[in-house]
Ligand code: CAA
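In the form predicted on its own, a lone chain appears below as structure tokens.
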Amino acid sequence: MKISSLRKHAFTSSAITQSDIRRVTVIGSGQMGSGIAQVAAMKQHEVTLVDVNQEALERGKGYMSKSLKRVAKKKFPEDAKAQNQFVEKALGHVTLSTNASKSVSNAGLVVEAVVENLKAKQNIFVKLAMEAPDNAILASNTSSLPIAKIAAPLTLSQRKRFIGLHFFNPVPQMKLVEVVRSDEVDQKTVDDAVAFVKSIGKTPAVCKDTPGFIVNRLLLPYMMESIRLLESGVASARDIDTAMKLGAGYPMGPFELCDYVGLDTIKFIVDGWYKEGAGLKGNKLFESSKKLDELVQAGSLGVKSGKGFYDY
């Protein structure tokens, strides 16, 4: 289903140039995927948003519409007509599709933003890398899985074009994108990925393919140590949050952040790193905690479940 007609271009699988990275295919229409599609469309990239069924795509379109309306109200607070034009213009650069193979056939960049499951991501790229142009950039939005492992089933030439593009939630508001390079990716892919990130108004931070990349590698030990302070009776969750907000200048305290991220997500990441993370296996910094385990087992996952360290 098209939101609007796209400008027509003639492409062949061997003729993608740097300028053609303006054609972006995003796999997965959840909050992350729709957010990536939105910010690319706002900068006039031609975006195809892909998911398994029309219902999921319509939800993704709904996420984009609500977010774009919020942006439009800030940009044009007294001009309803300009607000509507802004939203329509951005959505006019987006096409919805359930046909992943067709959707990547002329893309300059393919970004996967599906569930954090290694096999699922590998299966997507094994199929789509063959359908995409020979020099299209292949990118995963993973926040915790090794880029090299996701790309492992691909050919060497495909792995040279494979990179991590870790956007942060909510994508329209968060300025940072971690550009994650494996040992096999070529420099042109890194340079082109950095150029794309800048073209959509984000700030790139390039790093090696290491557990947690930059932000989560620093953030997870901070959150886990906060939980240990709580378990030890050093201070309440509220007092720890207050201390870090007013003493360190953080916009959110660690427990507010835990609840926002999702306690199940935090447990999934630290458990994986503790059991088999490269250079992190058995590291006490990433050992889970009784309190975290109990909350996850009880279904108290944070904001998304209505209860975590706090009630919502």
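The structure presented is a predicted model; accordingly, all values stated were derived computationally and were not measured. Position 1 is the first residue in the sequence shown; the rest follow in order.
If you look for the form predicted together with acetoacetyl-coenzyme A (CAA), you will not find it shown, but the lines that follow are about it.
Contact residue in the predicted bound form, from 84, 155, 173, 236 (heavy atom within 4.5 Å of acetoacetyl-coenzyme A (CAA))
Exactly one listed residue reaches within 4.5 Å, namely 173.
Interface residue in the predicted bound form among 148, 219, 229, 206, criterion: non-hydrogen atom within 4.5 angstroms of acetoacetyl-coenzyme A (CAA)
Exactly one residue meets the criterion: 219.
Thinking of 70, 143 and 257 as the candidate spot, does acetoacetyl-coenzyme A (CAA) come within 4.5 Å of a heavy atom on all of them in the predicted bound form?
Yes.
Proximity of residue 74 to acetoacetyl-coenzyme A (CAA) in the predicted bound form, heavy atoms at 4.5 Å
So residue 74 counts as contacting acetoacetyl-coenzyme A (CAA).
Considering non-hydrogen atoms and a 4.5 Å limit, does acetoacetyl-coenzyme A (CAA) approach residue 242 in the predicted bound form?
Taking the distances in the predicted bound form, the answer for residue 242 is no, it never comes within 4.5 Å of acetoacetyl-coenzyme A (CAA).
Residue 41 within 4.5 Å of acetoacetyl-coenzyme A (CAA) in the predicted bound form, heavy atoms
Contact check for residue 41: no, nothing within 4.5 Å of acetoacetyl-coenzyme A (CAA) in the predicted bound form.
Within a 4.5 Å heavy atom cut-off, is residue 166 in contact with acetoacetyl-coenzyme A (CAA) in the predicted bound form?
Because a heavy atom of residue 166 falls inside 4.5 Å of acetoacetyl-coenzyme A (CAA) in the predicted bound form, the answer is yes.
Candidate stretches 102 to 110, 84 to 92, 129 to 137, 173 to 181, one within 4.5 Å of acetoacetyl-coenzyme A (CAA) in the predicted bound form by heavy atom:
Selected range: 173 to 181.
Even though the chain is shown alone, can you say which residues of 87 to 106 have a heavy atom within 4.5 Å of acetoacetyl-coenzyme A (CAA) in the predicted bound form?
The stretch 87 to 106, when checked against acetoacetyl-coenzyme A (CAA) in the predicted bound form, contributes no residue at the 4.5 Å heavy-atom cut-off.
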